[in-house]
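Shown here is one chain on its own, the form predicted alone, set out as structure tokens.
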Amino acid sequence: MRKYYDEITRIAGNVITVTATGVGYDELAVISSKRGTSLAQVIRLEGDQVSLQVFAGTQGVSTEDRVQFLNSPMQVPFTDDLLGRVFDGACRPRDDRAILEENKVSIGSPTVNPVRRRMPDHMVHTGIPMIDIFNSLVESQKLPIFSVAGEPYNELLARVGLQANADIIILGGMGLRHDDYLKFRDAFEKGGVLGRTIMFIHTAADPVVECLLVPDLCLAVGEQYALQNKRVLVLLTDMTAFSDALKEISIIMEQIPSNRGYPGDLYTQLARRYEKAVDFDGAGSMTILACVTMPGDDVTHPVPDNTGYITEGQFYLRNGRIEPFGSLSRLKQQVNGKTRDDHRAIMDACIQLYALCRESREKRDMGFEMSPWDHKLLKYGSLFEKKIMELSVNIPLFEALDRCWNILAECFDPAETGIRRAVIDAHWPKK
């Protein structure tokens, strides 16, 4: 028989403090009140003062209520019945279907021992040329999409989920508007991938504490599938909303704030989630693609700033396009030499010429005289943006490489591209 504790000493926001002993960090508890029962999780231990965040909020909770600890952390069921389902941040069904209880696994487990990891060397094909050619996504990579409010970052995540060569897709939505959640669901359903998709959705109307559980729920399930030799793609949006939830809880807990009010352990909290990306030696893999919105388009904001130290590059989404300058995949060299012999040559030449095009545009805008070379660069830049950079472009990698060759041939002579003669002889378009 588990013991009840009824000495609730403080209620602040969605956090209560109770006097109790023999309690562990992250342990679950049930609060019994006149309105019924509520689930809560231990978030702070200070002597015999135990602080818990209440998932459904503290409205209706009083100091006379009783708290019963369950001696276990938050758990999520792991079964193939998860596929095609939608849950909230407390793992309750959003789709009006049955509650799953069997084969539960704990969330928030440690990251995988490096001894069990293998060197990432498999490309994740997305059908987006600005990713596949210039900043290839690699299995087990952790990459953020740096963006601002109003950019189509959720549409980009949905595109990757639809087109990536993954066995299991797990979507974690944090602070989503209800219509954004519906767009994801409709896109996956129309694209025919809903049957291998699992969604954990926290909307802006849900209790803020449930936002903190979404990444852990996604990653716990994803890790189990990866151990079953599945290629798992985890899509998280938006990690800034997750960080803001951390900030709100830390303020309630009266913790000493760090940069811009965020908790001092923000880096650790983010790293605990991102470092779960893994390519198991002898099993499957888990790749993490996460959106990070930057308030005021400020990359020095604590969330993108800390994220940049943890992850293996980033995609910059600006003006509806993935920017080639600033975007980076630090693992692309592991895979783009194995795709086609001209991949790296095209990648380098196209970006160098596009950089020169931007310089020519500045000359034109400032009224300087334009040379024939400048006009060639301007023509190239327009074609490159329209046929390669636009997010609406949806073609396989090899077709995208061929399209780059056609653009170069339309604008330049072979010697002007800077590509080695042997590569040009093998791939330059024949008239």
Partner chain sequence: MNGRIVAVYGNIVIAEANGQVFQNSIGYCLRQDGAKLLSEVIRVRGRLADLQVFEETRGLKVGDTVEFQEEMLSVVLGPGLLGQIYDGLQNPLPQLAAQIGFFLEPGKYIHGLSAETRWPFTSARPAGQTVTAGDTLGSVPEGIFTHQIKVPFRMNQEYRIEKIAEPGEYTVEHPIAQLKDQNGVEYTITMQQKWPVKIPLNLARRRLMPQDPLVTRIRIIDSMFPVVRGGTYCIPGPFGAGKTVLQQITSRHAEVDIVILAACGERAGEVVETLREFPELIDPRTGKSLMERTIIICNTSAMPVAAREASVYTAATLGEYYRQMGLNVLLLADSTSRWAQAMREVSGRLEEIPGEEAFPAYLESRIAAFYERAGALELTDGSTGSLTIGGTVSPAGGNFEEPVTQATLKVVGAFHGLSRARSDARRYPSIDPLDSWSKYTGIIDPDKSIRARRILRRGNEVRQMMTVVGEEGTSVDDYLVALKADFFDNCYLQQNAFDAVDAATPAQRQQFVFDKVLTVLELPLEVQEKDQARQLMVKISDLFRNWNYAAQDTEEYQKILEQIDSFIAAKGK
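Rigid core here is just the name for the largest C-alpha set that superposes within 1.5 Å across the two forms. The shown structure was predicted, so the numbers you read here are calculated from the model rather than taken from an experiment. Numbering follows the first chain given and starts at 1.
Omitted from view is the form predicted in complex with its partner chain, to which the following refers.
Listed stretches are 183-191, 282-290, 77-85, 147-155; the contact stretch with its partner chain in the predicted bound form is 282-290, by a heavy atom cutoff of 4.5 Å. For the options Glu275, Asp297, Asp244, Asp167, the residue carrying a heavy atom within 4.5 angstroms of its partner chain in the predicted bound form is Glu275. Taking a 4.5 Å heavy atom cutoff to its partner chain in the predicted bound form, the contact residue among Arg361, His125, Arg344, Arg94 is Arg344. When its partner chain is considered in the predicted bound form, Arg116 lines it closely, a heavy atom lying within 4.5 Å. When its partner chain is considered in the predicted bound form, Arg44 lines it closely, a heavy atom lying within 4.5 Å.
In the predicted bound form, none of the heavy atoms of Gly195 sits within 4.5 Å of a heavy atom of its partner chain. Interface residue remark: Pro207 is not counted as part of the site for its partner chain in the predicted bound form, having no heavy atom within 4.5 Å. If you take 246-266 and check each residue for a heavy atom within 4.5 Å of its partner chain in the predicted bound form, you get Met253, Gln255, Ile256, Pro257, Ser258, Asn259, Gly264, Asp265, in sequence order.
If you fit the rigid core between the shown form and the other one, you'll see the Cα of Ala355 move by 2 angstroms or more. Superposition on the rigid core between the shown form and the other one places the CA atom of Arg10 less than 2 Å from its counterpart.
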